[in-house]
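Encoded as structure tokens, the following chain is the form predicted alone, with no partner shown.
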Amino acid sequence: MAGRPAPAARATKDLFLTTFTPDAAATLGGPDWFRARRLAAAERFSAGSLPDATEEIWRYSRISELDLDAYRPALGAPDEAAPPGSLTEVTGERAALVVVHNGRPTRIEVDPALAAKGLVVADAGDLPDGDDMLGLTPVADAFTELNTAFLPGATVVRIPRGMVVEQPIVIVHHLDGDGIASFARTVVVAGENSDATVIEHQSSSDVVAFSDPVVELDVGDAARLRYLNVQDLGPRVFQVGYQSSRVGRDATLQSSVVALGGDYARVRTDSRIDGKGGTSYLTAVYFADGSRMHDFRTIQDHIAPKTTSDLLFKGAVSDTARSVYSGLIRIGKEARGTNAFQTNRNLVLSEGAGAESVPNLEIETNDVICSHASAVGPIDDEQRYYLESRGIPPEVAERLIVLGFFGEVLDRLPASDAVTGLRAALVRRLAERASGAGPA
């Protein structure tokens, strides 16, 4: 695709970077604790190495194309205006709004009545205990260290014990500026027996950029948290994202991803269920056209007994686009009575497109119910024939079949107003494919 940075010529995985160094991290401002944390992470990053596709967790990826020195941290004073194309127009009423520009929170609005009852939505650098908020859930690879090393700020959402937040908390991210690297961080802490929905939306201008977001979700005992990430980045953005969650006793996490944009867009999701009776639902919808690639890696990690996880990822690829799904259900020795399910299904809409699907199980105890399933294939000819034989044009028939295929996941998404907008976005993208307009 035009404008994509040339692949890096790396003979080894060792780091020889001139931009993302401890000295560069030391120049960033903020409280002393923030500066110390950044510097320590930068030193760990510099002492390590970048991954490559020989590692199982990176197999089939395009990580060899990433040349970090082609980018620079976004350090300028950000514009506080809400970016165009955000979800603020389709979510209706909301409990809070955060605008994040090039990784930095620039505008935060919170319903005063909820703030008075203890709802916290803030930049970690403005909190007296901000240092305690970062790293609540396990995060450990080169790109999470890089994120910490160059964090311009971090959005913290803290729902107090027993609070029910009826309207969604909306976080809108926007990238602009050729050659920038963005390091966004979102931390959500759902207190015991709380209930809330958090929606994040990522967009960008048509720029060459690198995005390295980290999301941490900590779901307290008996809490209920719904999280939705909508990724609609420009066609020349290279993203390596990470989401980590911890689910407590009798708690429920419903975490969803909708991926429509980017050049190469990767999200690794680690969900750790360490409280008895905890439940983690993981869902995703992704559509890639042109030469895009969507890359998903998941771990459903059952630590405690009588826990449940259910994963359903569905994707479609066309033109020369590709997708990868690799998932692991891991059931520890103490996780007796666990129920765990993993399903990945993919539609391949063009001869030049491709999808990889690699489910895995790792079980260390008895008395469990586990299953995994995957499928990669074209649209069913009988479905297509049924619609076309009733006078529906071929391009419309394909669109209806794909939307129906995605419907099972879209129906599980947490915010109905947002889903309406997402369905419209999928229809528009499929219509562009049928008309030959190309990727948005």
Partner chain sequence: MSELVVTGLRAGVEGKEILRGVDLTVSSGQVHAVMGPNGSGKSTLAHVIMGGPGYEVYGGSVTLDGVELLEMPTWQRAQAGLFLAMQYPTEVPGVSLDDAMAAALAPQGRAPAEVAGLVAAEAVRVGVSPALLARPLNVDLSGGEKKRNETLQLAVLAPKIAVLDEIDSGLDVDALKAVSQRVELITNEVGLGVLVITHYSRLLRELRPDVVSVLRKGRIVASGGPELAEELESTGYAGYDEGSPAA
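The structure displayed is predicted, hence computed values, not measured ones. Positions refer to the first chain, counted from 1.
Below, we turn to the form predicted in complex with its partner chain, even though it does not appear here.
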TODO: Check whether E55 has any heavy atom within 4.5 Å of a heavy atom of its partner chain in the predicted bound form, and answer yes or no.
DONE: no
- Query: Is there a heavy atom of S371 lying 4.5 Å or less from a heavy atom of its partner chain in the predicted bound form?
  - Reply: no
Taking 4.5 angstroms as the cut-off for heavy atoms, does G48 touch its partner chain in the predicted bound form? no
query: Taking 4.5 angstroms as the cut-off for heavy atoms, does Y60 touch its partner chain in the predicted bound form?
result: no
Checked A375, L400, A70, A36 for heavy atoms within 4.5 Å of its partner chain in the predicted bound form; positive is L400
Exactly one listed stretch (38-46, 61-69, 389-397, 25-33) reaches within 4.5 angstroms of its partner chain in the predicted bound form by non-hydrogen atoms, and it is 389-397
